[in-house]
Ligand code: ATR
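Listed next as structure tokens is one chain, alone, in the form predicted alone.
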């Protein structure tokens, strides 16, 4: 549907804390430029940690059409919504809000499909049959799990500093595939894929130093203009593919953009522009 003549205005934002670093406005501006007559005003809204619902409702009441949600509010966003997509219901965490004309809020979670598309389509890495480790047991992990298990990996382990939190997530998701929980300190070098879903932005993580030895892919959901600390370590250990979360960010953003506007953007051109900027 590229280059179609349309006339629509969309007021959108990203809720999070912090959000200053986010490249989401840049991405959605590039998406909107692919369609003549489509005007997208995408801002960043740093919500106080103790006032997330109030911040969401204020934006909606000011004429907002939709929003993305990032850390630490993905789980908090779930109960604010009146209707949920299947993947949001399963995750019980939300990264996309659509404000309906009657004032109700529709929720989706596009994180998982964004991750799968980036890994399997953009980077040609097949997740089927792989032994996968997810670090962290919060909203980011929840968003990934159902789509990840749909690829039929050999096994998925959720590791967390607090074992009980990881075990709680396993209990909710075990019906969808082979999944178990471990403490960070109990991990061994036995994984093909490691995905950092934590909010840690420094090294060391409380995991064994040799954890990278069997990995063919290490993916950090965070992104940066230079390798993140965990990717620096993965590169040091010779991991073949070391990827940050920018590709996932673009792919999940495309899903959100389509939900809000009805138009499917071309992600490849945005990813290429980012590489060559």
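Keep in mind that this is a model prediction, so the values were computed, not measured. Positions refer to the first chain, counted from 1.
Another form exists, predicted in complex with this ligand; not displayed. Remarks below refer to it.
You can rule out all but one of 95 to 103, 161 to 169, 116 to 124, 77 to 85: in the predicted complex, only 161 to 169 has residues with a heavy atom within 4.5 Å of this ligand.
Using a 4.5 Å cut-off to this ligand in the predicted complex, each of 71, 136 and 184 places a heavy atom inside that distance. For the candidate set 157, 149, 90, 205, a heavy atom within 4.5 Å of this ligand in the predicted complex is found for exactly one residue, namely 205. Site annotation in the predicted complex: the residue of 197, 194, 179, 107 reaching within 4.5 Å of this ligand with a heavy atom is 197. Using a 4.5 angstroms limit between non-hydrogen atoms, residue 145 is distant from this ligand in the predicted complex.
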